[in-house]
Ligand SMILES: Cc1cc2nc3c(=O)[nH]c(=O)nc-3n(C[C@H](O)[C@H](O)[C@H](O)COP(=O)(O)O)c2cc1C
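There is one chain below, alone, in structure tokens, taken in the form predicted on its own.
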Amino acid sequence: MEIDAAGLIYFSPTHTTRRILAAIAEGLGAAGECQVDLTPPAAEGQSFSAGVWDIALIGAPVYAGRLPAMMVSRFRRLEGQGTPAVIVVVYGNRAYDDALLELRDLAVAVGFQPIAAGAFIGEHSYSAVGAPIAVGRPDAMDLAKARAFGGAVRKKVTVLPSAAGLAPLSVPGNFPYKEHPQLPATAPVVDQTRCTACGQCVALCPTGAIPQDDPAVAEKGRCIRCCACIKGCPAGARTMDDPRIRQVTEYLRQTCGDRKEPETYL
């Protein structure tokens, strides 16, 4: 089985998942690479067929042990057309629970054929000064392991005549999947003395919850708490000040300090 054209499909508000997929693609050594970014609001109505690729790399962050609901709805507009796929979830050093199984099932549902999988660690969305959670990850060691994983995938699939007839990929997880936690609507708050109205947060928000004409506010009902606007604000003007989020953050800080390593399934 030849691997010349590879495609990257991802939902990555803080760019962490995208970095992991890029490292895997580097290890895979595919000559041609196309990217389908499901993150921006414009992706909501797009469709795409993966039939032109030899292999797809599909990645998503983990939110409370599940895939982001927005990523799922946007992904369902794709057509896998039997394309072999490497599926990857990225989580903030707690656990990925049912997310990898959910991604495998989702990929199969739209026509991809998962042949390998990985769970990698990225800096937690709630990580902040005073509450560090997997800060700086993926780091150099993580990216090296991602490249090695890509190399292992290439080594295995290039000796196969095709992906047809391979046994279904087995990954950890439970079905029915765990329930999405029901949190009241909330959004980051803005220190208006620091906000420069540069608009960076507007460009980063995957839901379009931050209006261009007034970036110092955000629609609580549309915010998915990805914290892309917080991490991407050059002035450091945005924070997640909700007491419930602060409580969760403190719990994670106390319980998720031990370094976890990537897990791969081939």
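So that there is no doubt, residue numbering starts at 1 and follows the sequence shown. Remember, predicted model here, so these are calculated numbers, not experimental data.
From this point on, the text means the form predicted together with the named molecule, which you will not see here.
Trainee: Heavy atoms within 4.5 Å of the named molecule in the predicted bound form: does residue 123 have any?
Mentor: Because a heavy atom of residue 123 falls inside 4.5 Å of the named molecule in the predicted bound form, the answer is yes.
Trainee: Indicate whether residue 188 is a 4.5 Å heavy atom neighbour of the named molecule in the predicted bound form.
Mentor: Because no heavy atom of residue 188 falls inside 4.5 Å of the named molecule in the predicted bound form, the answer is no.
Trainee: Quick check on residue 93: any heavy atom within 4.5 Å of the named molecule in the predicted bound form?
Mentor: Result yes; residue 93 sits at the interface with the named molecule in the predicted bound form.
Trainee: Does the 4.5 Å heavy atom contact test between residue 40 and the named molecule in the predicted bound form come out positive?
Mentor: Outside the cut-off, so no.
Trainee: Establish, in the predicted bound form, whether 14, 17 and 224 all lie within 4.5 Å of the named molecule, using non-hydrogen atoms for the distance.
Mentor: Every residue of the spot touches the named molecule in the predicted bound form.
Trainee: Looking at 165-173, 102-110, 115-123, 142-150, which one sits within 4.5 Å of the named molecule in the predicted bound form if you count heavy atoms only?
Mentor: Flagged stretch: 115-123.
Trainee: Could you tell me which one of 64, 209, 70, 36 places a heavy atom within 4.5 Å of the named molecule in the predicted bound form?
Mentor: Looking at 64, 209, 70, 36 one by one, just 64 meets the 4.5 Å heavy-atom criterion.
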